[in-house]
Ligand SMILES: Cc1cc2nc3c(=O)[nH]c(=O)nc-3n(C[C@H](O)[C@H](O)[C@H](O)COP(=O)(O)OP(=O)(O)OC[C@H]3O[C@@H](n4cnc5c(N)ncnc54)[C@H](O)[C@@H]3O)c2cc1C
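Just the one chain here, the form predicted alone, laid out as structure tokens.
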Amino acid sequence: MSITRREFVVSSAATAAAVAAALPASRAHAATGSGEPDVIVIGAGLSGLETAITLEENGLKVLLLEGRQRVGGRIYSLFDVPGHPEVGGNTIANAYGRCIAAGAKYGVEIVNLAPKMFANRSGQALYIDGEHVPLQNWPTHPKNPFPAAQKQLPPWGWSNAMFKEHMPFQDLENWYDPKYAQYDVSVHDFLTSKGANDAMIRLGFDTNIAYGTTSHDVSLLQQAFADNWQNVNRGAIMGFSRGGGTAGAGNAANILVGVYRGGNQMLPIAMAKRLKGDLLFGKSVAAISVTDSGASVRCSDGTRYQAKAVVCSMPFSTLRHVALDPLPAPLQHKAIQMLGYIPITQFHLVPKKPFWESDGLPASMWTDGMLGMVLAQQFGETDQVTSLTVWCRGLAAQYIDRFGLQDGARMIIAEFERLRPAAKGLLELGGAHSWAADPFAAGDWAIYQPGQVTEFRHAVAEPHKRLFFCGEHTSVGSRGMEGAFESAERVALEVLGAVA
């Protein structure tokens, strides 16, 4: 088994070319604008773009700085892989009102995959210690660690059942309220208090973890926030659910599992076209200086920019490496330095043939090993599986990242062929990406660790003189792409109140 250079895609050249071709010339190349902007926005992800557009619509001159050579941030479509699967920002659901409105505003059609998914769902194969375990055999399997009343639960459903039964408060929309500080404990401590042992938690929560690295570094309040957001979108197929399966039964006609036609990155590309001011690529920010009346930004290439205010959409995992002068207030500075982020590494495999028809198992898999979760993607125009996404999360992502993406891809394909002999020689690598190793992300979505919600949740998004903050990590009512838009609404009002 070998991987050719063409097959190995870390940062897709085709993606970069597609983005550059889709943007006007003034957006695809670093240009030098005339005059000083009113506001500098750092980061051309959804929150940065929406903030910049909103400020421009209200009469301000905006300069947008982006360290990458593309727009989208953690919205990243592999345009050269069949079905253009998503490396980040997979789907939107019923409660993604801002995302739905953005599609309409910027002229990007939303395609609902729910009817196709419900018509063709075949579940996922369970693999424990390298052994295929038919789900009907799981309740009596010797490696099932759950107590008698829970043995019928698949590993991916156990912790969800525990949270549903034992979550100690129901006011989940106000998960960050100080009155719930007593629950700002680790998920591990909470589950053990409900009778779970380490074996149950390791398989039922830590394996293919949805939030954090292990149960020890996720606050129960963070879990409550995540569970509430899923409940708001109940009935939809959760793209980020621990099991990758359905979140509940229902009529597909009432469910939205939405993607933007052509790839989710088409939304930020369309948004970038609406900008009036300059969008400069390759501008990695090294320092930000602020006063009560203005701000300046210095990039690693030596360029400097000044404005009345700066809006920073950088995740705290990268902002902590930027020199801030003066330092923010102690709690906010601590949040910047300490807020957690989940490590996620993806490998996108293109099957030459539908090998799952040979071994009679679903194309999707849930494993407790190196492969983590394997999700069959059906993003094309037909019902056929276009690619297989291998999701390595938490400790699995940290393990595979030690080898680098190219050697990691070889290991992933070898392990895949070991578990599914029918796949031997039939898998090509279309793309791979480590969010933890991405210098502009250093992790995927933000995670509040035990004690962090109580300590600095309210300080995270506080303006620091003329430095303002947005991004999904600052949202309080929604997550992911929707959270990015939520944060843009807030920060635009803050900036307009300060400088307009």
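All residue numbers are counted from 1 along the displayed sequence. Please read all numbers here as calculations on a predicted model, not as lab measurements.
Just so it is clear, the following notes concern the form predicted in complex with this ligand, a form of the same protein that is not shown.
Look at 106-114, 324-332, 85-93, 359-367: in the model of the complex, residues with non-hydrogen atoms within 4.5 angstroms of this ligand sit in 85-93. Taking the partner from elsewhere, every residue among 42, 313 and 435 has a non-hydrogen atom within 4.5 angstroms of this ligand in the model of the complex. Remark: residue 73 counts among the residues lining this ligand in the model of the complex, judged by a heavy atom distance of 4.5 Å or less. In the model of the complex, no heavy atom of residue 491 sits within 4.5 Å of this ligand. Although the partner is absent from this view, residue 431 stays clear of this ligand in the model of the complex, with no non-hydrogen atom inside 4.5 angstroms.
Using a 4.5 angstroms threshold between heavy atoms, residue 391 counts as touching this ligand in the model of the complex. Of the residues given (467, 460, 65, 447), 65 alone sits with a heavy atom within 4.5 Å of this ligand in the model of the complex. This chain lacks the partner; the member of 98, 188, 283, 420 within 4.5 angstroms of this ligand in the model of the complex by a non-hydrogen atom is 283.
In the model of the complex, 440, 444, 445, 471, 472 are the residues of 438-477 with at least one heavy atom within 4.5 Å of this ligand, listed from first to last.
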